[in-house]
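Here you get one chain, nothing else, as structure tokens; it is the form predicted alone.
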């Protein structure tokens, strides 16, 4: 394996009086404003062990930062130890064994670029600046989900520092109970220092779906998409988004401030004339398109396409729900709630179609239990700093309105606030097993800044 070189291996500790402390405590969500007692910026596994042992000696809580992109800001805590993994971002590919090893501070882009050098990829997410650790531990939905499953389904092994400060290797043969738990159970059980993922031949070019429709056709589009997905092949994955376009210079003036529907996705199968007509073309004709940039694109470029939609340090609120189906009542309620958001600076509603390999995995095979839902709904909104309650009230109202249509009242834990009821509902029948594993490996609940699984 060829590894990216790291010049330094000793980390740094930032205390509140350090000039860089306030910059180091920032996370992606600009609304989060928390003050750790100490920030351990780790550059090696030994640094992580030292940080955990320090937290134990001082009886301090621990939060863990990989990419720091969780909407709830779980990477940073008040008054505890923040373990910052962002400098541990080395990536190594074993092209013969189809494996990639990535340190826990690596981003999706770090992995994509290294793996694509060999024409390989592992299922990750859709925003390249996201950290791999949080994504993988909480599930991991990307454009390869239909063909190769979720990110967590492709974890082969991890290195982990336990609550007692022990460095262990976790895989199917070693600590199999932990291996089951980390594939969807979040950061509840220890500090992951590196992952090994399965790789697959992908790219370097793929067929990218990129169509924009008028919001006025929303009902028709959603119904047509639902019909399409009932027989969609594993080779395609589709994300729909409803948003109001900014007055950006790269957009035609008649689209400025216009509410639209975008359809983005990836097809990685053989692109015969028949497939173009039966698989691709229907997605370009759900209504009359405003724009259509569908075509061949590099895998890396497609993986970065949504990055501008999630700028750093903007104050954001968000929620998520898994859905059973797109019936008339749900479509009507969804659009009604979206139209109540006009006073907010920015709102994006995403509807990701779920099918294929990710839904074939038995619900009890990994901690990630949502294997029967047909859609994932993700809502993000910018918080107006002059009147933040407008956003919070709208988000709560939206969640409560859509909850009756949800799949087991469950949410994607990587995209929702921390709430014990949501956590329990989402893990479903896996929750009790997770509690027992938590009790075994973290009885004092040192790792609690997450969608926490309490052992008691």
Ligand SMILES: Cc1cc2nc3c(=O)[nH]c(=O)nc-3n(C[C@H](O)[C@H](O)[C@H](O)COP(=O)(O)OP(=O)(O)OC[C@H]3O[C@@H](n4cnc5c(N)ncnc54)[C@H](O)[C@@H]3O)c2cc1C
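Given the structure is predicted, the values throughout are model-derived calculations rather than measurements. Numbering follows the first chain given and starts at 1.
Here the subject shifts to the form predicted in complex with the named molecule, a form of this protein not shown in this document.
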The named molecule contact at residue 69 in the model of the complex, heavy atom, 4.5 Å:
yes
Is there a non-hydrogen atom of residue 141 within 4.5 angstroms of a non-hydrogen atom of the named molecule in the model of the complex?
yes
Counting only non-hydrogen atoms and a 4.5 angstroms cut-off, does residue 74 reach the named molecule in the model of the complex?
yes
Looking at the partner-bound form in the model of the complex, is residue 310 within 4.5 Å of the named molecule by any heavy atom?
yes
Within 4.5 angstroms, counting heavy atoms, which one of the listed stretches 230 to 238, 190 to 198, 216 to 224, 289 to 297 is next to the named molecule in the model of the complex?
190 to 198
Name the residue from 398, 427, 28, 407 that puts a heavy atom within 4.5 Å of the named molecule in the model of the complex.
28
Which of these residues, 137, 111, 379, 209, gets a heavy atom within 4.5 Å of the named molecule in the model of the complex?
137
Residues of 400 to 416 having any heavy atom within 4.5 Å of the named molecule in the model of the complex, listed in sequence order
412, 414
